[in-house]
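Encoded as structure tokens, the following chain is the form predicted on its own, with no partner shown.
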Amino acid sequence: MTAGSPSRMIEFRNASIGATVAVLRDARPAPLADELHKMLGGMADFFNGEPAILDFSGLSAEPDRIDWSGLISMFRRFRLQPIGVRNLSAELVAAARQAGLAQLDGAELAAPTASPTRTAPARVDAPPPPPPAPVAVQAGTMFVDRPVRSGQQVYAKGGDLVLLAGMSNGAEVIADGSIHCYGPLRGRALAGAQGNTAARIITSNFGPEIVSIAGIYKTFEQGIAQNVAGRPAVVRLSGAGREQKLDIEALQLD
């Protein structure tokens, strides 16, 4: 399933106020909990207590009432802290306020660059290997000259992200387009953040904790396949609709 697909009950974006925006297409806590468990591969600690804005613009029809207590508790189980709502009728906003949530319809879907969001033991990576062959990147590309260190987050809004010195474990990079990493790819790499299913993740040294394209995630608790571990690789989506999946392929650079 893709993040922009009507079949997906929930997708995540970033907001300029430093919160995660959860765009809901279902307001029932139980189905959302099942969806989150599948999306995150059972990783209950994917989030780290980040504040969250609940966006109801994806609902096909607004319900008469929302179980705010159940909804808030469900998100807290996944280590997200709901702080506000947007795109709701006045009647439901009033109930949300009684549950302790603010009305935040003015929060924009953007995120600060290179802001520390998580902590993890720092590590020193080996010098990056020779970069892969040049790949065309779209307008609005963000270039990062220095390594992205543990605890840092970089978001390329509206374009591609090019990492010229790689990234460390515990770091997170996000792009609305593709991610091109000319060095070790560690940490979390999320491409196609606004639902671009054509986005790719390309690196000269594959070794991430998590990769995602358009909201479809893959984690590596069981290890990385030998044919791509530490080697040039590309991540892309294949299939359509509910059959979409992430493919990770080795790149032949010589």
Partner chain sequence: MTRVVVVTSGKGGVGKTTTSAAFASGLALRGYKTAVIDFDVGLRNLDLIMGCERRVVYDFVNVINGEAKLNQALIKDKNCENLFVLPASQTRDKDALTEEGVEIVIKELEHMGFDYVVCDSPAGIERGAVLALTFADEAIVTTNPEVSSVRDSDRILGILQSKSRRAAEGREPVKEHLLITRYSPKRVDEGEMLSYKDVQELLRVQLIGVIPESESVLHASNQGTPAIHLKGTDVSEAYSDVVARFLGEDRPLRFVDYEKPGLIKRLFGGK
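Positions refer to the first chain, counted from 1. The structure presented is a predicted model; accordingly, all values stated were derived computationally and were not measured.
Just so it is clear, the following notes concern the form predicted in complex with its partner chain, a form of the same protein that is not shown.
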Handout entry: Heavy atom of Ser150 within 4.5 Å of its partner chain in the predicted bound form
Key = yes
Exercise for the section: May I ask you to state whether Asp26 is within 4.5 Å of its partner chain in the predicted bound form, using heavy atom distances? Expected result: no
Handout entry: Non-hydrogen atom contact Arg76 with its partner chain in the predicted bound form at 4.5 angstroms
Key = no
Exercise for the section: Verify the contact flag for Ala165: yes if a non-hydrogen atom of it lies within 4.5 Å of a non-hydrogen atom of its partner chain in the predicted bound form, no if not. Expected result: yes
Practice task
Kindly indicate whether Arg146, Asn169 and Pro184 are, all three, within 4.5 angstroms of its partner chain in the predicted bound form, using heavy atoms.
Solution key: yes
Handout entry: in the predicted bound form, segment of 77-85, 91-99, 150-158, 172-180 with a heavy atom within 4.5 Å of its partner chain
Key = 150-158
Problem - Proximity to its partner chain in the predicted bound form, single hit among Glu209, Glu50, Asp67, Glu35 (heavy atom within 4.5 Å) - result: Glu209
